[in-house]
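For reference, the chain that follows is the form predicted alone, supplied as structure tokens.
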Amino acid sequence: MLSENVFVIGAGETKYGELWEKSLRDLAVEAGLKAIENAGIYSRDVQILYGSNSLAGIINGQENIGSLIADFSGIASGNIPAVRIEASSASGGAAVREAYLAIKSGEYDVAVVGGVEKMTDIFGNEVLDMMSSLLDREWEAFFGATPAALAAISARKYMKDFNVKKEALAMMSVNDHANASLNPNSHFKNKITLDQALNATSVAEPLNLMDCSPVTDGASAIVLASESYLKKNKLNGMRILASAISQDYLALHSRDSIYTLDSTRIAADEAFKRSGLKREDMSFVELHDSYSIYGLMELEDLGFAKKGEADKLVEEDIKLGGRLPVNPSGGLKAKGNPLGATGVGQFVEAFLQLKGKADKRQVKDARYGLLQNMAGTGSTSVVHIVGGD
């Protein structure tokens, strides 16, 4: 019986950005050691490690990421299991879920999840092809589809059917940049105006450069522990109240709707059911807004707005001082999107928020947070609810 409560007791991450001077292993080790130090434990206390990564095999020629992180973090001497978790751009959330289940089962008391991606080691056209591996290679990428192109198709249909203006998409990016300007680890620290967001260079109509998350290097790590370990060692942490994952068709054309994320909707419903909390209990939300249109869709499929009505939230409600602060970290658009680290990075932000250590971007009286991490165009979604004591 899964009875142990699970807590995050430490968190650490590198800066996100174009980190030319650091290798994949440099980033992984930096984040992992920061998390262990932050937790106030020793490397020898770690019983299992989960390495989250999406594209190192094809970008960096490096597989066996779990072993790599364990080796160069100094954990390998303990002969603990070190396992890579891959679920495309949802790898981070999926890895945290595996660690959560491992502890909840009673098998382990302490686990580390380290997510890492080094994406700037190849050039533009190569990156585009590698990113298209997140899609159905045979039925989408082979015919020229890219993640941006498919997001744009969803955006055009969504905007037409619900009479949503481009300004609503742009406000997602304006909000991300405003929050990222307060985050010292973010890829972009510049605020942008609505006019800049609307008139940036086109990428895939109606999406432009300000609607798309960047190619980012970075690593994030967290330490998870059982409640019994927490009490025994007189530690404190952030409780994971619920973890849920759901799957949809890989190819966009196989789904009932190209602007409804069923995997997100189902995972969110399950997470709220397990947590016993309601949408209005959430102090903040971290969304997987790899493209601005997904931010609107996610707000709706998570249950914070009716379908086609998320535009009513984005002008004022999602700001740091708003009714539902969204992406206090800066989100994927501005904090950055190092695929394997992205979902773990959401936990780093939640840990800071719930411990009152987010400095200038601190959400007032933060008590509960929802974290949503997604693969590609929504084939997989992982939703966690965290908070409480």
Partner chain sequence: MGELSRIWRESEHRYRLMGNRCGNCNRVFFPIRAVCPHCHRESIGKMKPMELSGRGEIVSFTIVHDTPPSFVRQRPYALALIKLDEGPVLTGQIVDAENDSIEMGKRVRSVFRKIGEDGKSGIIQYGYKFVLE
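Positions refer to the first chain, counted from 1. Everything numeric here is computed off the predicted structure, so don't read it as measured data.
We do not show the form predicted together with the partner chain, though everything after this point is about it.
The partner chain in the predicted complex is approached by residue 160, whose closest heavy atom lies within 4.5 angstroms of it.
Of the heavy atoms in residue 137, some are within 4.5 Å of the partner chain in the predicted complex. The partner chain is not drawn, but in the predicted complex it has a heavy atom within 4.5 Å of residue 156.
None of the heavy atoms of residue 247 is located within 4.5 Å of the partner chain in the predicted complex. 152 is the sole member of 302, 168, 102, 152 with a non-hydrogen atom lying within 4.5 angstroms of the partner chain in the predicted complex. Proximity to the partner chain in the predicted complex, defined as a heavy atom within 4.5 Å, holds among 316, 309, 195, 129 only for 129. Remark: none of the three candidate residues (279, 324 and 362) comes within 4.5 Å of the partner chain in the predicted complex, counting heavy atoms only. Stretch-level contact check against the partner chain in the predicted complex with heavy atoms at 4.5 Å: of 200 to 208, 186 to 194, 217 to 225, 94 to 102, the positive one is 200 to 208. Taking the partner chain as positioned in the predicted complex, the residues of 239 to 253 that bring a heavy atom within 4.5 Å of it are, in sequence order, 249, 252, 253.
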